[in-house]
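Listed next as structure tokens is one chain, alone, in the form predicted alone.
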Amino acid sequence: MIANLTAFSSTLAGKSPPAIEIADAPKPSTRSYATEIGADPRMEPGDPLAARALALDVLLRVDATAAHADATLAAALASTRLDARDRALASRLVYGTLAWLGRLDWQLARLTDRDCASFDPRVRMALRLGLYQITLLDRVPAHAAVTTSVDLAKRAVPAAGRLVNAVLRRAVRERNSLPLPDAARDPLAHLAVALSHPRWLVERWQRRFGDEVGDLLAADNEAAPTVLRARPGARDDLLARLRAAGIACEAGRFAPDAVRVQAVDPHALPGWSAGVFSVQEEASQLVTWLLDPLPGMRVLDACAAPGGKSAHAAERMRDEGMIAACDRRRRGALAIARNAVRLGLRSIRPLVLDARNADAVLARGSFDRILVDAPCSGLGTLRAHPEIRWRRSPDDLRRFAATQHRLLDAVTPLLRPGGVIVYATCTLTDEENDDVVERWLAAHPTLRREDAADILPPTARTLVDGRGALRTLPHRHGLDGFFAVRARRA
């Protein structure tokens, strides 16, 4: 069924945005991860290296292709028959090695008297995995960390076994005295290495958070919880279903529909395929609460893929009304469509549309609610996406801010008088948050900020800052770092 453009009859400005077929959205590929990357077929139950071999392959792919660790790991796990214990170990190895990469490489350089970049990538990654287990993962015996890392390296580069063995055995002997930068001489260098963040980011957050910076950096290195979003009002039912299946779970602290679970693969939990729940971080759920869409409204989700907030909005609207869910890439729009189909939501209209040009396509004043969940540096999500810290630079912040300004300038005219627009990011930088909002509101004097505490559920009102913005922090709240501002057009 083609997305119904009749529903957009009063939102089009002389041009029709490309529509996609929701019912005919392609199914996920059945090609296995192992086939795709030529993974070792021994990554199966019975192989003593199975979990570590999978982790090594995932880490190599993330390193070589700039792929996202979470998606790459999920694809790898979906293509294996590893048991729950090995899945959990593989996941911890991937996320932990990526989070502690700066510290691991700094110490490896001193253990080997070589720049880590000089090693074969497979040997370098085997060394990182081994050192992570020896120095930062208490539950793995040192001898097991050494032996498995040597065997992994030998599988990839047979001649490397002796080197890896010598380096990691030295690390075991010296693990209680491995060096770090001198804290008295250079406290920022010490923090950057000891807590494994780029120095430029430590400097920035030192200025922003002062004495809390160490707590924030440490929180970034903790494992992110798996959070589900129940259907509105059905959290108790979801908790009961999961507990009946033996899944450890608990209600979230702040979002009324949030459930925290202990699960490596939430898509394998009972109820996923039937659309009983979605996977969505708790702070992210609160952004939709701030938008507060009501049944029958016309909503624009300007940067919607993969569709979590669009789906949440549709559920809160009882699937009555229309949500134009945009992504500039066809694959993003298809992801939105798949999610809507799984959840049985018919009010979502996925559009292949770059929202930076929305004002040339959609009519002025045609939406009751607009959400700009803007592309950003993602520096509030380092628990779930540890690789991001090594891929960002100060120049990226300026680049993202320019995109955010363009998005807001393009979609603000589409808001009807009395309508509400929410700007949100999952980062902690002033350039992408407060600075963008100040410039945006100055350029659009018909907008007035509203206090998020008046809109959010009572459980979340402590997350509102002195200027009425939703602002969550990993070290204070145990949530990803989100920022959101709500404004109403006069």
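Residue positions are given as counts along the sequence shown, with the first one as 1. Keep in mind that what you see is a predicted model, and the values were worked out from it rather than measured.
Absent from the display: the form predicted together with a small molecule. The rest refers to it.
Shown alone, this chain has one stretch from 81 to 89, 243 to 251, 181 to 189, 372 to 380 that lies within 4.5 Å of the small molecule in the predicted bound form by heavy atoms: 372 to 380. When contacts are defined as a non-hydrogen atom within 4.5 Å, all of G308, R329 and A355 contact the small molecule in the predicted bound form. Using a 4.5 angstroms limit between non-hydrogen atoms, V299 is distant from the small molecule in the predicted bound form. Not displayed here, the small molecule is kept clear of L415 by more than 4.5 Å at the level of heavy atoms in the predicted bound form.
Although the partner is absent here, L108 is not a contact residue: none of its heavy atoms lies within 4.5 angstroms of the small molecule in the predicted bound form.
Among heavy atoms of A304, some come within 4.5 Å of the small molecule in the predicted bound form. Note on contacts: among L407, V193, L216, L269, the single residue with a heavy atom within 4.5 Å of the small molecule in the predicted bound form is L407.
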